[in-house]
Every structure is written in structure tokens, then in C-alpha cells.
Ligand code: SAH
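Here you get one chain, nothing else, as C-alpha cells; it is the form predicted alone.
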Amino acid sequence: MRRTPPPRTYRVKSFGCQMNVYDGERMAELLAQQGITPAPEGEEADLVVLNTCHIREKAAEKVYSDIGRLKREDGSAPLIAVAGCVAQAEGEEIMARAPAVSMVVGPQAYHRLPAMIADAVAGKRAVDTDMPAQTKFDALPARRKVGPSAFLTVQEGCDKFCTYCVVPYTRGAEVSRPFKDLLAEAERLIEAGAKEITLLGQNVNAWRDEGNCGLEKLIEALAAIPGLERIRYTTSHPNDMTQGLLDAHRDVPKLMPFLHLPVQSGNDRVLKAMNRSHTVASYLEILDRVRAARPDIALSGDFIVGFPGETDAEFEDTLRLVEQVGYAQCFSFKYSARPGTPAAEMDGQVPLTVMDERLARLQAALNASQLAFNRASLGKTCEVLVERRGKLQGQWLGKSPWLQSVHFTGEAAIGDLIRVELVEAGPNSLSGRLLQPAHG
């Protein structure tokens, strides 16, 4: 059995959603705990973790392409671990097709990476796609240093079974982390440097503690922690937008005025075929209620074009919804048939050329909506959380309460909250004028 030298350096490459970004950060912390350090920029790593996403079409083929690119000129390759949702869905197939892969680990089992690396060093290949509900979080190391904005996973999995989506099969059923564990991790994040925490979940507003209280109670408890300045949450489902959560937008100043609430389509027949279990009218009612609670709220959403059977007229309904809502940001995608999902077997699969044309029109409408929102922000004063330096001398970049990218010049430091006046708007960012010194 061929042995491999223990890895001294690593690189984690995460694809897809913010949950994957969080998982990638946690895997990096696990590897650091083992004494493995990040590979310097431009240098090859001894261990590469491909943290995959299974949402888009040909996701698995992209993994094999990425694996192939890791081969070195001398024919050797680093230790390769495939993690994430493609790993969960196709673990044994990956091991069969890609001999260069030493380990495959699903999103609920990556806390076992150190043991799998030890096996790989000894020449053993392994697949671990178990789904032990809470064990992962119990086994992960304490977070010692984070940026000013940090992710905190509070809920995983999905019980909604939208007909186009693989998440229930790759992430499992909806599971909520315990209230006390989340407060403890939030406190550690703040001690490690976080000023803003974004609560994450496949359906984050489905979070419930053992006493069945909802996400608003967690938000209220987090807001009471000294040193935490901002709270956000994503991704929400319309079915789980309770009145209590809407009230939190009114009553908790640290909860930022931003709501990401995917709708997917502006047509009721398409929504029913998607098994979204909300209508356009019920979705708009939620938006009306959250705007009543927080009039300055910025709205974001997700859209899919070209779902099987979608007609031109039904797509026009989506464009009308975009115009009616006035989104500040949005994500939009062409429908992608995922093996094993009901929609993949539906009649009326829309030709790719039609989907391309619809996506271009939708994105033009969404970009116009975002620019209009940014322009409507001009003249406002707000606090910007500084996240990094800009490209120009003395320039800084950060986020407004409405999750807009804002750049400004002046004296500041990463992690500062800077009060600025928004003075110039572009399609993707705004310029701010410094009004007062930082406070942290």
C-alpha cells in the first residue's frame, strides 16, 4: 500500500451558496487545527479540498474537470478531497471515475476530515456521506479569527421539496441547531472580530428551538450581546415568514433592513408546478407587511427562467412582478434539470435558446431595478461596515445597512463603522463621503 507524506499545506475551493462558503471556512479551520497551513498564493498545495455545489447543471462534470486541472507537470497530484453536495450525491461514482481523489466527504460529515486525511496518507481511499444531525458542529474547532462580517449556520436541510431542487437529497431534512449553542458560537465570533453576523440556513426562517420559538427570538437574543452591531439572515422561504419575524424588522435595530425572499416565478401555475406552495398574491402580501414594519427595507429574491412548461406569457408575468416589487438585488438562473428531481421528468422542457433570451431580458430588468434602488439611496446618510481596502490610495470598501457595496476615502480601518453620505450610484456599488470618524 503506497504511503503519502502528510500534507503541510492546503487550499479549500468553495463553489455555490453561502452555506458552502461557511462550510469551506470551517473545513479550513479544521485543517489549521491539525497544523496544516494555507498554501501561499501562487504555490501548489499538498491537499486540495473541492467544496462542491450540486444546484447547477453539469455540476459533477465540473468537478471532474477541476480534478484534472490539479494534475502537476510531473504527473503527480496533491491529496484531493471532494466535499459538499456533489460529494453527497455521487460519492461512490466520484471514487470510481477519479482515481486521483483520496476522499469524498458530504456536507454533514466534514468534521471527520482529519481521520480521512490520516487514512489517505496511509494509502486508503474513503467515502463518508453520513448525516449525523448535530455531531458536525460539536466536533468543529472554536473560531479564533474572523473578518468583520461572519456567517453562522443555524439551520440545515430542507423539507419543502421544490420539484427542481436537489437540496433535500444532498443536505437532508430540516434540522435546527440548539439555541444555547448558537449564542455561544456568536459570542466566540464577536470575540474573534465579528461586528456583523449573518445567520445561514437552506430555510433559515424555519429555525426553531426546542421550545418551538422562532428565528425572531434568536435574533432578539443575539442583539443583546455586547459588541455585535449588525444581524442579517438568509435564505428565507415565504412559508416561514411569521408575523414575529416581520415584527423583528420593526423592533430590533441591529437587524439590518434587508430581506432575501426567493419567489422563483411571477406566475401561479409555474409556482404550483415548482411545488413552491405560495402564490404571487401571498408573496406580495408578505412584502407589503415587511415594508409596513420596516419602510426602508431592501428586497432581494431568486428567479428561475425556463422551468418546464413555462410559456412566453408566464415569463412576462415574472417581468411584471420584478417591475412591481422594485428589487434592490436579485439572483437569476436558467432552469437546470437535476437528476432525480420531479421536474427533470416533466414534459415541456424549454429549449436552451429560449431560456437564454428570457434570462437576458430578466437580468436586464433586475439590473435596472438595482440601479434604480441605488440611485434612490443618494443623499442618505448611513453607517458602512468597513470590510477591506479599495484599489485606490486611501480607499475603503464596506457594506451599507441595505447590503450595498460602498467605497469611500478617508481615515478608517477594517471593522470600523463609518458614517457616510451616499453621493454617487452605479449599478453595483455606491460612493460615500465620510461624515464622521469611525467607531468600533
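Note that residue numbering follows the sequence shown and begins at 1. Bear in mind the structure is a predicted one, so any value in this text is a computation, not a measurement.
Below, we refer to the form predicted together with the ligand, which is not included among the displayed structures.
Listed stretches are 216-224, 109-117, 198-206, 139-147; the contact stretch with the ligand in the predicted bound form is 198-206, by a heavy atom cutoff of 4.5 Å. Contact annotation for residue 151: none of its heavy atoms lies within 4.5 Å of the ligand in the predicted bound form. Within this chain, residue 165 lines the site of the ligand in the predicted bound form, having a heavy atom no more than 4.5 Å away. The ligand is not drawn, but in the predicted bound form it has a heavy atom within 4.5 Å of residue 304. At a distance threshold of 4.5 angstroms between non-hydrogen atoms, residue 236 is in contact with the ligand in the predicted bound form. Not one of 244, 258 and 294 is positioned with any heavy atom within 4.5 Å of the ligand in the predicted bound form. Only one of the listed residues (336, 129, 370, 300) places a non-hydrogen atom within 4.5 angstroms of the ligand in the predicted bound form, and that residue is 336. Contact with the ligand in the predicted bound form, judged by any heavy atom within 4.5 Å, is made by just one of 78, 308, 262, 193: 262.
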